[in-house]
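Single chain ahead, by itself, as structure tokens, in the form predicted on its own.
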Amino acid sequence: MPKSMRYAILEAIQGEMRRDKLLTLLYEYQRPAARWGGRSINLEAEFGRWRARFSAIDENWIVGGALGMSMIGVRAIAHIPSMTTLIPYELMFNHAGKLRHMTGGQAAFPMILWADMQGRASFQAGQHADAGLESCYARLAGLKVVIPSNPYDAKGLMVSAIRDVDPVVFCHYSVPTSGPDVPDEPYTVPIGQTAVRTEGKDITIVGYAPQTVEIAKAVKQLKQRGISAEFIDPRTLAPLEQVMETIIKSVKKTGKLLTSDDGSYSFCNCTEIIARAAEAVPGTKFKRLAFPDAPPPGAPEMINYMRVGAADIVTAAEKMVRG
């Protein structure tokens, strides 16, 4: 049985807490523990409540505490639940993203905002079925933002985030377990490095988790219809410079870029990717698929109609290639 996303993330943190005797996790609600294949991780039991600290239900306290610890050279992780994604936004905007710059790069502020992200789930509605809010953090200078789409990437990106000198927003979406097996030992997935999930020559399709699940299905269906799609999972939302190198190379080959997003149509994650590709490769065909600019409904029939699915991606790609 492959490791789950949550187990892989906790395994990354466990390894880094063993390596760095000051690394601290501040959290609320869900205790930092998980089981897999007869094995278990319990950070509080292993490291004690001073290093795996259950806090009051106060996201500003959690993020402010982690940021304050980073200011005295102690690496810290702040874990917040999905319904509170933007509560600590002011701290990340006014302080986390700017402090290193304000010291002229002389000081590092190594903190991680581990944010459980909401998905477009049925029966949740309103405040509990949104997605794509990570784009709010990506526009803040000084922050790095990563979005893993499988357990292997999740562990490697978490290790990279912990070891980085800049503050990192680690966006944790619940997705079906997939991808390579997760090694027990620590390893890194470099921030800024994309993953070309499937190579192709007819069209480039780009999307972040959790939309990666639908894109993977669509790519298989397109292959059956004679269309060779190149599927790129950027994994990093900020910074985008290295990400765009891979995407631009692909777009120059295919001449077509289709993006698919679980966030709202306006200002979704992939809008910046389209803009940069348009500047770099004039004459390219572009199409953006995303959730409508409306609050998510609770009824499954309604939210499934509004959310981009594999069939929508196939239809759009066929039209771009053959239309």
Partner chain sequence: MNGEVNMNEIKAAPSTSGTDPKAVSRRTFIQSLGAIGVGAIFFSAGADKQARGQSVSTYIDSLSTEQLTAMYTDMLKIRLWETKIKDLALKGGFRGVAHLYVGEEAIAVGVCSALRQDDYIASTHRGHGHLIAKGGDLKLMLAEITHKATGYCKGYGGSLHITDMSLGILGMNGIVGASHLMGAGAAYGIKVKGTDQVVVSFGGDGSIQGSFFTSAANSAATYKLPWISIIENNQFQIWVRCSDVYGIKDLARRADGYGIEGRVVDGNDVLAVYDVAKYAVEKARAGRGPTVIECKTYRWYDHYGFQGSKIGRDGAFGLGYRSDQELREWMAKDPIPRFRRFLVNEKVLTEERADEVVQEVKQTVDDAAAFAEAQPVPKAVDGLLNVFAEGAVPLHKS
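Just so you know, these numbers come straight off a predicted model, no measurement behind them. Numbering follows the first chain given and starts at 1.
Same protein, other form: the form predicted in complex with the partner chain, not shown, and the subject of what follows.
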Counting only non-hydrogen atoms and a 4.5 Å threshold, tell me whether Ser4, Leu133 and Glu245 all contact the partner chain in the model of the complex. no
With heavy atoms only and a cut-off of 4.5 Å, decide whether Lys285 touches the partner chain in the model of the complex. no
Can you tell me if Thr24 lies within 4.5 angstroms of the partner chain in the model of the complex, counting non-hydrogen atoms only? yes
Whether Gly226 contacts the partner chain in the model of the complex should be assessed with a 4.5 Å heavy atom distance threshold; does it? no
For Val196, is any heavy atom within 4.5 Å of the partner chain in the model of the complex, or not? no
Partner contact check in the model of the complex: of 182-190, 150-158, 88-96, 204-212, the stretch with a heavy atom within 4.5 Å of the partner chain is 88-96
Any residue of 142-156 with a heavy atom within 4.5 Å of the partner chain in the model of the complex counts; write them all down in order. Gly142, Leu143, Lys144
